[in-house]
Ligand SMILES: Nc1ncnc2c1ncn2[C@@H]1O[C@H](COP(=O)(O)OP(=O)(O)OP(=O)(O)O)[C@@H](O)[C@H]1O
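Quick setup: one chain, the form predicted alone, written in structure tokens, and binding and motion questions come after.
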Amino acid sequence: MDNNNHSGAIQAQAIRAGYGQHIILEQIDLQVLHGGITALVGPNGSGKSTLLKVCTKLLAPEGGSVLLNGENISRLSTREMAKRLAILPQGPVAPANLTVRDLVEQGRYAQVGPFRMLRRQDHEAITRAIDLVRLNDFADRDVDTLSGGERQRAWLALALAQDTAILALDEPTTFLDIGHQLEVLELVQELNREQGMTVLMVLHDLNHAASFADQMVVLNRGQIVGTGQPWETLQPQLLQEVFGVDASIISDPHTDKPLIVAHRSALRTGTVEAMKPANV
């Protein structure tokens, strides 16, 4: 992570947000530093996906503001946002009979010239995005014929075709088996390390977040209760109070990153209060 630039690629300030009368987030401050991978984690109902939506202008906050490279996103059009930040939502679905190349083309429409015609540089960007996710041999295949991991890489290529410096992902490993989960996360890490992309993503698996993120932000019941590097953030008391597990934290022998070994549910033993079941 580039800690020399302290301005933040994304800065959320005093965010209050929710859905209708149901407020999820209250007075949230978040800074996503340039050039790093930031993972939002927390139990179901904690507000992590809601925070991602606010940061990417998919959800307007009731209060507070979000700055994208210092500019308030409330002043940016949808097209301007798409030029600066690419987002891969949770569980996207492609129309039938759409090839990989057709899908990835959709990512260029914020950049195209007059009459929404694709130019040479647009075709080059589409080809480059497909190459980055290693789907060259599948470019003319229908998206619905791909495996789960291949399909997720195709959607990631759509986001990359936008040619932005910031990438936001909402649970990109949902419904994938462990092999494809690691494949997607390794690709995201490669984009960060080799292409310099700033990444903000929601992850469900704490060990994946600890392994791949530079910064972890832990939410619980609409509040940020922990933030920092994985070793700083993941502590046994936090795991017990937020996630309801008694666990040990050891060093991964391959990466030296923290590895959580859960022993038992603290919820079942009555050590902590049960968590809300809602998904937000």
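Here, rigid core means the biggest group of C-alpha atoms that superpose within 1.5 Å across both forms. Please read these numbers as outputs of a predicted model, since none were measured by experiment. Quick note: we count residues from 1 along the sequence shown, nothing fancier.
The same protein also exists as the form predicted in complex with the ligand; that form is not shown, yet it is the one meant from here on.
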{"item": "Among 29-37, 249-257, 42-50, 236-244, the region lying within 4.5 Å of the ligand in the predicted bound form by heavy atom distance", "value": "42-50"}
{"item": "In the predicted bound form, the one of Asp163, Asp205, Glu183, Glu171 near the ligand [non-hydrogen atom within 4.5 angstroms]", "value": "Glu171"}
{"item": "Option touching the ligand, based on a heavy atom within 4.5 Å in the predicted bound form, out of Gln90, Gln111, Thr127, Gln106", "value": "Gln90"}
{"item": "Within 239-253, the residues that have a heavy atom no more than 4.5 Å from the ligand in the predicted bound form", "value": "none"}
{"item": "Flag for Gly196, CA shift 2 Å or larger between this form and the one not shown after aligning core", "value": "no"}
